[in-house]
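Quick heads-up: it's one chain on its own, the form predicted alone, in structure tokens.
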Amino acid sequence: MSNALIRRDNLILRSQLLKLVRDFFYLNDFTEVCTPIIVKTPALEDHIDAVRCNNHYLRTSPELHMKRLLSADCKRIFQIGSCFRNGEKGRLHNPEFSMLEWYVAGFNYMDILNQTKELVRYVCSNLLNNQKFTYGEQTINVGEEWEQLTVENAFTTFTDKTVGEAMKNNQFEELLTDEIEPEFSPDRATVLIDFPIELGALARASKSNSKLAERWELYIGGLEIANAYSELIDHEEQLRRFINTAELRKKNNREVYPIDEDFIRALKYGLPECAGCALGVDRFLMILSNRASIDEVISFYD
């Protein structure tokens, strides 16, 4: 099959996927929203760099603006749209990519995990007529119970370092990518849960252990597909974290973005207890269409 025909098939599949995603959220009483793509203040995160657009930036995610809507009493919202990150290019990365992001007032990170399971199974059942599909040489069944393990258990089981040692030696991402992720069950979804609080810049600390963030990541077919957490709603704590991140970025010679004062004011006004999830549409499409590279699913022409 020619590349043009493959790309056409992927465009059709993407359209069907997006329709099913929207159907799922409409059936669950969500409101679809659109927030700015060009922003004055990207979210301050340790290792995510924004793309400049004149004297503004292209958004790295819609998170801060969507949380402002939650503070204005929007309770169940979702958005599908383009996001941009500078310097990210490879088999699994592109500077422009499609993100699905949603938030639910009254939810925590476990509630949003259960909803993510429903979404993934709904899409697969209706798009592929099956919750079982092939990716590479592996058959994956998202209808089976999802594997779940804590970050601490993953490090002690699959590496010779504790999480604390990995963080101290700046080896967290290296060990996660090289030694832990290849050990995930290849035939079902895996949820890596309860990250160190240092790796949850906008996440709420666990009520049972303040050193952990109520955060999880979803892997399917060895690819990270989604990231979710219970949202931090304390405006003073969020401001403190932004200031710390700004200092770290300055130390690492990264551009330091202004603090989003409008977002901090929204938190101060009152963000309800809530949780949110960001899911990479392109990677999800890669898996469902059995493609090896993100380039195969994001554009029609070479």
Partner chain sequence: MYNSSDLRKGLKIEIDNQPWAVTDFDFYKPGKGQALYRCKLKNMITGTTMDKTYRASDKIGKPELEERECIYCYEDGDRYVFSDDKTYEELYVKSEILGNNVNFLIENAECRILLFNDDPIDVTLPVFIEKVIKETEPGIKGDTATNVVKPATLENGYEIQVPLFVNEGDIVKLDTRTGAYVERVNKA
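Numbering follows the first chain given and starts at 1. Predicted model, so just to flag it, every value in this text is computed and none were measured.
Just so you know, the form predicted together with its partner chain exists too; it's not on screen, but the next bit is about it.
Do heavy atoms from each of Met66, Asp234 and Glu236 fall within 4.5 Å of its partner chain in the predicted complex?
No, the whole trio is out of contact, none within 4.5 Å by any heavy atom.
Do Glu45 and its partner chain share at least one heavy atom pair within 4.5 Å in the predicted complex?
Judged by the heavy-atom cut-off of 4.5 Å, Glu45 is in contact with its partner chain in the predicted complex.
Please run the contact check for Arg91 against its partner chain in the predicted complex: heavy atoms, 4.5 angstroms, yes or no?
Flag for Arg91 set to yes.
Although its partner chain is absent from this view, report whether Asp160 comes within 4.5 Å of it in the predicted complex, heavy atoms only.
The answer is no: Asp160 has no heavy atom within 4.5 Å of its partner chain.
Taking 4.5 angstroms as the cut-off for heavy atoms, does Asn170 touch its partner chain in the predicted complex?
Asn170: yes, in contact with its partner chain in the predicted complex.
Here the chain is shown alone; which of Thr190, Asn227, Gln115, Gln79 has a heavy atom within 4.5 Å of its partner chain in the predicted complex?
Only one listed residue qualifies here, and that residue is Asn227.
Quick one: of Glu144, Glu181, Glu165, Glu147, which gets a non-hydrogen atom within 4.5 angstroms of its partner chain in the predicted complex?
In short, Glu181.
Based on heavy atom distances of at most 4.5 Å to its partner chain in the predicted complex, which listed stretch, 118-126, 91-99, 104-112, 150-158, is the contact stretch?
Correct option: 91-99.
At 4.5 Å, heavy atom to heavy atom, what parts of 9-28 sit next to its partner chain in the predicted complex? List them in sequence order, or say none.
Nothing in this stretch is in contact.
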